[in-house]
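Just the one chain here, the form predicted alone, laid out as structure tokens.
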Amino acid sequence: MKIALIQQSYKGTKEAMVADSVAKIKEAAKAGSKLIVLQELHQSEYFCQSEDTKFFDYAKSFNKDVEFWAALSKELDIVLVTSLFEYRAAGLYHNTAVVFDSGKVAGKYRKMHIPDDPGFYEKFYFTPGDLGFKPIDTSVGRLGVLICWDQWFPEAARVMALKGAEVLIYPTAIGWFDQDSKEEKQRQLDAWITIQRSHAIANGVPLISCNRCGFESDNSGVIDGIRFWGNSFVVGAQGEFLAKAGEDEEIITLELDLNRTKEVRDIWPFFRDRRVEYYKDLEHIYCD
């Protein structure tokens, strides 16, 4: 299966972002990609740097956005993984990945783990998801779609894999603060890559991580802004790099072999040796 990840910087308006995304999606589809993944909240700036109720207006177009991306996936006959701001009811919003398969909504995932840190005030905007960790069946395979902060939690990846996900996919928005030291920036990037590679290894599945890039200022003035570090990548079932972007805009394309999972799991049978009867302590929040 040929896949593509589209790593973008913010263009200043939704219209410009959508136009840029469409052009790059068409380029990837023309080159033969059947699965195309976009970054987190790809239609807008990363507005969660501050807490401002005006940004809730972005979610008003959710239904129209779904219709738009569905039409594009039908036109190009592709599976498209999007990341949209969902209005569900008054005061109830989600950070939602919608997966389209040749014009149809194959499924959606609402972000489960919601951060609340300086520059990443997502709890102000997003209600934690209620759909659980359920893979989405598509014409190219069963996709385990998660979103950004979810990538730090091994439980989410494990449940997706146990339920049959053939590939883990993370639309993402993560970056540095410019005032961080060079050493701290490298530690953050290494941690981000390492934790995701570990999910691929522990579950014997390939993994796709598509991140934003470019500097986005904080309009509230509380912080200078975030420099999204890009570095989108794809790893195989043993955590080996199959493709990796730099810090600038890029379309990553590659052939992904989903059949290799069986070969890897036959050699490294982690699922066979799990001791689920002794994992019940995971249900508790405490440290001894």
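What you are looking at is a predicted structure, and each value in this text was computed from that prediction instead of being measured. Residue positions are given as counts along the sequence shown, with the first one as 1.
From this point on, the text means the form predicted together with a further copy of the same chain, which you will not see here.
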property	result
Residue 269: touches a further copy of the same chain in the predicted complex, heavy atom cutoff 4.5 angstroms	yes
a further copy of the same chain contact at residue 238 in the predicted complex, heavy atom, 4.5 Å	yes
Touches a further copy of the same chain in the predicted complex: residue 158 (any heavy atom, 4.5 Å)	yes
Contact test in the predicted complex: residue 23 vs a further copy of the same chain, heavy atoms, 4.5 Å	no
Partner-facing stretch of 84-92, 212-220, 69-77, 159-167, counted where any non-hydrogen atom is within 4.5 angstroms of a further copy of the same chain in the predicted complex	159-167
Partner contacts in the predicted complex for 138-152 (non-hydrogen atom within 4.5 angstroms of a further copy of the same chain)	149, 152
